[in-house]
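The chain that follows stands alone, in the form predicted on its own, written as structure tokens.
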Amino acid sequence: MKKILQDLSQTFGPSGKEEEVLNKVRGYFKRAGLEVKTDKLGDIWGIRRGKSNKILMIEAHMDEIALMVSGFEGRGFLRFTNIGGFDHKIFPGLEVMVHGKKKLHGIITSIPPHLQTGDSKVAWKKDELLVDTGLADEIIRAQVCIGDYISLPKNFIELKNSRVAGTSFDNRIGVTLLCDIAQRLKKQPEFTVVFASTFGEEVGLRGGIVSSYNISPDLGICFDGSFGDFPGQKDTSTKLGGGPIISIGPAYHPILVEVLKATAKKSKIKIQEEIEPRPGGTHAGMIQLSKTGVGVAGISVPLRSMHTCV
């Protein structure tokens, strides 16, 4: 499974441009012997036909957050906006890749601390940061267009205790689980299982709506990343090494939740519970509302700062 995560997390696939990831997932689904389908907007489904027409959809979004070129500042500098949610405090000094007519390296820059005015402890605003490509203005304008994507570094680092760190783990870890389970599901199940790798979650929970409407599942399970333990973090009780996280709340069908908990107990799998009084920022809430309604459960992998997982 680690090799699949490394492969998928190092593949470029921001919201609205998930084709490279989709093609990787297609390969994993085909090697698992699944029937593969796609829709008009960029979801991909791997189908294992069961003995009945009842359908379980297991879903994970494959898009990642990214940046986009929004303007030219001259002297090789680019203005940018974000696709999906970012913490702008991490930006200064960050190496990036501009996906123009050809890939160009850049670095996000700001006014040096020595030349700043005002309160230097206040984080930079997004419009005070630029991407420096080091190129002449006429060259950068010939190579880059407004709307071109900018990606973050694609690193995959093996840590101690069988842990790994990298970018895009939200939610390539979920898609990795889809591919891994698909490979393990050799026998014909009692019901049809559809593995749905979906688009556009980071920009408005889009792919889960389209997939669940097209598939019309009877039950759904949504895989995503959630929060692991971190020094000084007081608002979460979930942690790395504590097992998968099962969501509890109005968006999650109580009977399905209890079935998952009982299955974990029978299989001696440690689990954690996360309370979500309101539907969280995943596709689970959208799947629940598809057509006449779908009983749905949410299972998450704990991540530290959305980068490190077991």
Partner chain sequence: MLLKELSNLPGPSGYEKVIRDYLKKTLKPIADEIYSDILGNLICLKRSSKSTKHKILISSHMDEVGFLISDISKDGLVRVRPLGGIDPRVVLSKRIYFPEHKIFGVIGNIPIHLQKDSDLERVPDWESIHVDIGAENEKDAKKYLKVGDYGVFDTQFKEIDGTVMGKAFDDRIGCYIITELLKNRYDFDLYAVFSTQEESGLRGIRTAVDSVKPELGFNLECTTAGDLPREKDISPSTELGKGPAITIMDRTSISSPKLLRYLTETAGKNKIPYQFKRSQTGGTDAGYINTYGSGVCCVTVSVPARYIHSPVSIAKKSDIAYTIKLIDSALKNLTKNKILPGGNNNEKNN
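Positions refer to the first chain, counted from 1. Quick caveat, the model's predicted, so the values are computed rather than measured.
Omitted here: the form predicted together with its partner chain. The next part is about that form.
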Where does its partner chain sit in the predicted bound form: which of 29-37, 54-62, 275-283, 262-270, heavy atoms within 4.5 Å? 275-283
Non-hydrogen atom within 4.5 Å of its partner chain in the predicted bound form for each of 235, 251 and 292: yes
Should residue 11 be classed as touching its partner chain in the predicted bound form when contacts are defined as heavy atoms within 4.5 Å? no
Hey, which residues along 163-192 are within 4.5 angstroms of its partner chain in the predicted bound form, non-hydrogen atoms only? none
